[in-house]
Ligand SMILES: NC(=O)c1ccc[n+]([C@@H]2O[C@H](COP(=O)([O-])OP(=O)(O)OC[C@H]3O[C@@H](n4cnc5c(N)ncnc54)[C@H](OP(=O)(O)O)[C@@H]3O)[C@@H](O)[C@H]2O)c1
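Just the one chain here, laid out as C-alpha cells, in the form predicted on its own.
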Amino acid sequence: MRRVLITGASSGIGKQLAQDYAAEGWEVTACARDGVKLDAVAATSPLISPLLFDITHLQETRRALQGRQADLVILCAGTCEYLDDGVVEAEKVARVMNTNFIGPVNCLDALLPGLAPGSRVALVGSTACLLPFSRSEAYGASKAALAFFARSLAVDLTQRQISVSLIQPGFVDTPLTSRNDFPMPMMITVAQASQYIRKKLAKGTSEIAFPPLFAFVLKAASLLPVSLQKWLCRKMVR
C-alpha cells in the first residue's frame, strides 16, 4: 500500500489531500497541531492516522517524525499575516517564517534520513512570491525562501533518487484566505486544488503552479523590470 505523510492536514488543502488520498487507497499520516480538527479528519477514513505535533518546534518534530517512512511527503502547513503601511513587526515576520519555512525544514530534518530511493517530497509554496505585493513582505518572503530551498534541495537529493516538487497555488478557498480583505481573482476550491496537485504529483512534475492562467500571468509579470513590477503592485493597492 502506498503511504503519504501530509502536514497541515487539519484544514484547507492539507485536509482535502488527506481525504482524497485515503479515498484512493493510500495509507495517510495526517499531521497537524490542532488535535480536535485532526481527529475529525481521521474519523472520515480508517486509512487516515492522526499525528499531533507542532512543526515549528524542532525537537517535537523530530520525536514525531524520526523513523517515519512514506512514499510521498507533502509539507502543506502554512499561515499568513500581513504588514500594514510598511510597518515592520518582527514578531509577525518570525511567526510566518517559522511556520512557512522553518517548519518544513524541521520536518525534512527528521524525515529525509528515512526516505527510500524513489520517494518524493512536495513543498507547498505560493505564487505570491513572484511579485512584490503590498503587505506581503512576511508571507512572500517565506514562500520565496521555500521555493529556493526546494529547488536547491532537488539538485542535492538527485544522488539519493529522491524527487522534490514545488507546489505554488494561487488563491484557494480555505479558512486562511477567508480572512483576506481584498479581491482574489481566479479563486478555486480545495477540491480543485487537491485534484490538480495529485494529478501532477502522480506524473512526477517538479514545478506545479495553478490555476494555470493565473500562474502564467504572474510568471509573465515577474519577468518585467523590477520598477514595472513595483508599479503594477502599487496600482493594485486600494
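Just count from 1 along the sequence shown to find any residue number. Note that the structure is predicted; figures quoted are calculated from it, not measured.
Quick note: we don't show the form predicted together with this ligand, though the next part is all about it.
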| query | finding |
| --- | --- |
| Among the candidates S119, S165, T99, S134, the residue which, in the model of the complex, approaches this ligand to within 4.5 Å (heavy atoms) | T99 |
| Listed range touching this ligand, judged in the model of the complex by heavy atoms within 4.5 Å, from 153-161, 70-78, 111-119, 84-92 | 70-78 |
| Touches this ligand in the model of the complex: S194 (any heavy atom, 4.5 Å) | no |
| Distance check, P211 to this ligand in the model of the complex, heavy atom within 4.5 Å | no |
| 4.5 Å heavy atom contact, R198 to this ligand in the model of the complex | no |
| Proximity of E27 to this ligand in the model of the complex, heavy atoms at 4.5 Å | no |
| Heavy atom distance at most 4.5 Å to this ligand in the model of the complex, all of R3, L65 and F149 | no |
| Contact set, 173-200 vs this ligand in the model of the complex - heavy atom within 4.5 angstroms | T174, P175, L176, T177 |
